[in-house]
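In structure tokens, the next block holds one chain alone, the form predicted on its own.
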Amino acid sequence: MGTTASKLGKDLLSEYQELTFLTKQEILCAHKRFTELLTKDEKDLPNARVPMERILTLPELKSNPFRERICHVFSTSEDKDGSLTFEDFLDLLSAFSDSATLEIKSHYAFRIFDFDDDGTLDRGDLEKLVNCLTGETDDTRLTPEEMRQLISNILEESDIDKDGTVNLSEFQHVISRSPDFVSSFKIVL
């Protein structure tokens, strides 16, 4: 599906519409925004990659506490550097779109929160998750006791098989009972 970054053909546009939860207008807007992140030389390259540092300059990601994890989860880079191709960028926007299903959104949320990429949310992942949400300044950081208690409460509620971790199906079960999740898990350009 390679095309130069500056051009998006009609056939490719239709293919992207079929493969994502995005409308034609959303894809064109995404293409414009992605192309703006490319250098002059990169615009002529097929399947150009935008480094994570440049992706993170987008206002829609700049204030997201999970911005770096989001880039890493959606990046297909063999270097695991969080850089994105246009197709990676579309996948990201598709998963965060209003039209994406609860199953898709919860799957990607789980992957974003699984900081060590081991397929489960353990105490370490949950601590990083809480720190991302509360901020890691002295004013907002939980005390070790508060953190231990909060993580114990999360596991008590979520860890159905009592193995000390939250797996994908346990996470999806919790998310299914959270009516605000679908509407809050979004990024709109």
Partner chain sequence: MSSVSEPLVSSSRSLSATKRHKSIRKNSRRIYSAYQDHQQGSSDDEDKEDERVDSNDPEEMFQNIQYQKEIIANIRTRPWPMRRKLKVLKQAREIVLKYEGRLTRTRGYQTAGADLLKKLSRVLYNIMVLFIPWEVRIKKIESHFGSGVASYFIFLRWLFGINIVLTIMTGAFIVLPELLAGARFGTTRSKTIPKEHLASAQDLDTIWSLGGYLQYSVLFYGYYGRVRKIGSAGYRLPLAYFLVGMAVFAYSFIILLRKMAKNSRLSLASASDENFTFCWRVFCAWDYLIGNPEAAESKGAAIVNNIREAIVEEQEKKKDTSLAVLISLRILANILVLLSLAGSIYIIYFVVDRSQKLEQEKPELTLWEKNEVSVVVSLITMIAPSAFELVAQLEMYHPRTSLRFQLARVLVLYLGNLYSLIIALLDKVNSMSSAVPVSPGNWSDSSSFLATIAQPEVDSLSTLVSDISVSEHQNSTIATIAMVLDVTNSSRSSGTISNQTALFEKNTRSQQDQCWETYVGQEMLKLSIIDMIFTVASILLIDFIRGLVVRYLSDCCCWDLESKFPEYGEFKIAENVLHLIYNQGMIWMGAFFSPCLPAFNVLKLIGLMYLRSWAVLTCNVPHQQVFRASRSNNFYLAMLLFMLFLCMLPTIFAIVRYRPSQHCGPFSGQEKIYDIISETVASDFPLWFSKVMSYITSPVVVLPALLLLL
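Numbering follows the first chain given and starts at 1. No experiment lies behind these values; they were computed from the predicted model shown.
What comes next is about the form predicted in complex with the partner chain, which is not displayed.
Contact check for residue 37: every heavy atom lies farther than 4.5 Å from the partner chain in the model of the complex. Though the partner is left out of this view, residue 103 does reach within 4.5 Å of the partner chain in the model of the complex, counting heavy atoms only. Taking the partner from elsewhere, residue 45 is found to have every heavy atom lying beyond 4.5 Å of the partner chain in the model of the complex. The partner chain in the model of the complex is not approached by residue 28, whose heavy atoms all lie more than 4.5 angstroms from it. Contacts to the partner chain in the model of the complex (heavy atom within 4.5 Å) from stretch 146-165: 146, 149, 150, 153, 154, 157, 158.
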